[in-house]
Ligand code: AMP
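Before any questions on how it binds or moves, here is one chain, the form predicted alone, in C-alpha cells.
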C-alpha cells in the first residue's frame, strides 16, 4: 500500500524528536510503536464546498509532522479522511447532512459534488507543496461495512442504546470520557465552559434540548435512522434499519481498517478536541479495551481580525485567491511557518504580502548560495542546530529565524550554507533547493542575446557613473520581464512576477 523508502537517516537526522501531546499536556519524545515506521491520521474535510485557508492550516501542520518523521528516516503511513456523509449541520446529532444540503443546493449528485471538492482540496494541498502521492484519502462511504461492524461490537459490549432517531453511545459507560482536554464530569453536567477545550459542554447542552431521548448531554449518535417520510440521497441497510453513520464513527472505523488498532499520531484542529476527538477515543477504546493513539496533536486557529474563518460566517478565503493577487501559494506556507502550530494566527493581506516579499528574498538568497556552492555542501554545527530546532515540537519560527541568520552570515561559506538549506528544506517545504521560476537567478550567459546586450550596456553605464542611463536600461530590462540585481560577483537577473 505504501512503498518503503530505502533512505537511511543521517546522524543529524537521528536527533530526538519531541511533540506536545494534547492528552498529557506535555512535550514528549517521539517513539513509534514500530521502529522505522510512523502512522499518522488527520481529520480531513467535509467535501460539500471549497476548503478555506483556515482549514488548510491544519494540513500544513500535519505535513510538517510527516516531513519531520520522513527526514529522520521513518517510513510514514499517512491518512487524511474525506467526509462524504454523516456530518450534520452544527456538528451535532440533529439537522441536515451537509453533503445532502450541498448536493441539493448545487443541483448535483452526491458523487459529482464530493468528487469536485475532493479534487479541489487535493489540488490546493499540492499548491502548498504538500506531496499527496504517499497519502491515502479514504472516503467515509467506502467504509460503511466497517462502521456498522464497530457499532455492532459496541452494542454487544453494552455501550449503546436506541432512541427514536438512532443508536447512541452511552458515555456514562466510559469513565474516562472527556480526558482529552481535561473536561470533568461536573462540567459535562452543569454546562459551565470557560475554555475552548470545555466547549463540549455548550454543544452537548444544545443537543440534549433537541433530543430528550438521550440519557446524557455528551452521548452521541453512532447510527442515525432515515426518516420514514423521506428518502435520503445516501442511506444504507443495517440491523437497526436504513440509515447512515454518525460523523464521529468514520474516523475510528477507518483508522482501524487502514492503519490498525493503534496509531502513532492523530492530528486535527483544536476545535476537534472537545467533541469529535473525545468521541473517537470513547468508541475506539471501548471496542479495543486500550488506548489507540500514542500522540494527540492539535493546531490552533487561523483567524481574520480575531474571528475564526468559517463557511457559516462567509469570511472564507481560498488558496486560489492568492494567485489572483500575484502571490505565490508558498507565501502562505511561509506565513504559517512564522508562527508555532499551537499559537493562534491572524491572517491579513498585508501580512501575506510581507511574507511573499520575505520568501522571494529567501529564494534569491538561496539561489545565490546554490550557485556559489557549485553543488557541494559542507556539514557544520549550524546544520545540526536547525534540525534540533525543528525537532523541538516543530519549532518553525525559531528555525526560520536561524536560517536567515546563517544565510546572511558573511563568515560562513556558501558550501556550509548549502548544507543548512539541505537540512531545513525537507521539513520546511519552501522549495529552497528548487527555486521557482519567478525567483530563479540567471547569469548573463544564460539569457537571450538581446537581454545580454542590455545587461552589458547597463553595467558599463553603472560603472561609469551614468546612473540615469543605467536606470533607463534597468526599466527596459523590466519591461522585457527581467529584474536586475547588482551583486559583487556581477549582475544577476530574475523573472519579474506576472
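Positions refer to the first chain, counted from 1. None of these values were measured; they are calculated from a predicted model.
The same protein also has a form predicted in complex with the named molecule, omitted here; what follows describes it.
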Looking at 268, 166, 274, 246, which has any heavy atom no more than 4.5 Å from the named molecule in the predicted complex?
268
Please pick, from 282, 74, 302, 319, the one residue with any non-hydrogen atom lying within 4.5 angstroms of the named molecule in the predicted complex.
302
With the partner removed from view, which of 28 to 36, 466 to 474, 47 to 55, 448 to 456 is the stretch that lies within 4.5 Å of the named molecule in the predicted complex, judged by heavy atom distances?
47 to 55
With the partner left out of view, is residue 309 within 4.5 angstroms of the named molecule in the predicted complex by any non-hydrogen atom?
yes
Taking the named molecule as it sits in the predicted complex, is residue 41 near enough to touch it, meaning that at least one heavy atom pair lies within 4.5 angstroms?
no
Looking at the named molecule in the predicted complex, which residues in 383 to 399 have at least one heavy atom within 4.5 Å of it?
none
